[in-house]
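Next comes just one chain, in structure tokens: the form predicted on its own.
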């Protein structure tokens, strides 16, 4: 089977050194196979066309190439609705009307004392089993969805997350929000399968989301890629870079006269 990698940024800000490292790592790992670019632009309120063009410019400047046209998640909403309906028909989802304040009050604990999972505060299940109207979100009933341990491949190494950890340590994750119609977890799983992705290269900050994705792949009958979670590029204080770190934007370095080789050296390649 051909090796197919992807780099899937959100066009909500300029690409920074962390993006450069992730894209170049996926590109190198795809040598002899195929490298795809995908735009995860489901956050339509924050996505901007100028950032889309900047992504193309930055990646081309780094020496990366990919097939056209580029897949945009904003064009894939019917596919996400179909996947969500399948999970609904299986009795694995429920409507949730809780706000962040509702969740905090239900937990009855200060923010620093609440249990945290891959999506932040672990949902206490307030709306589970209820017939909520005007839902702000659709959640996965984790206890119903998981029937055993979840296993995925980190390179050649099998990694297992227990059913108990899925329920207690991850909880009922959001699969769709009213204003977007999907979520990162649902859309990334559906699109990886649609594009035939065999290997997913991404930052170690997304490692904890991987058992969620493996569960959804199993539930929806989708193939499971091999995962590689790489180190993060951090600032001088040890904090990982974010979109707000414009001072480390690839375009800024380029404008200041840096070369693609300079960028590679900056990120340790």
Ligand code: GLU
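Positions refer to the first chain, counted from 1. From a predicted model like this one, the values you see are computed outputs, not experimental measurements.
What comes next is about the form predicted in complex with the ligand, which is not displayed.
The stretch in contact with the ligand in the predicted bound form, judged by heavy atoms within 4.5 Å, is 182-190, chosen from 94-102, 132-140, 182-190, 158-166.
In summary, among the residues 208, 218, 57, 40, the only one with a non-hydrogen atom within 4.5 Å of the ligand in the predicted bound form is 40. Though the partner is left out of this view, residue 8 does reach within 4.5 Å of the ligand in the predicted bound form, counting heavy atoms only. Residue contact with the ligand in the predicted bound form: residue 202 places a heavy atom within 4.5 Å of it.
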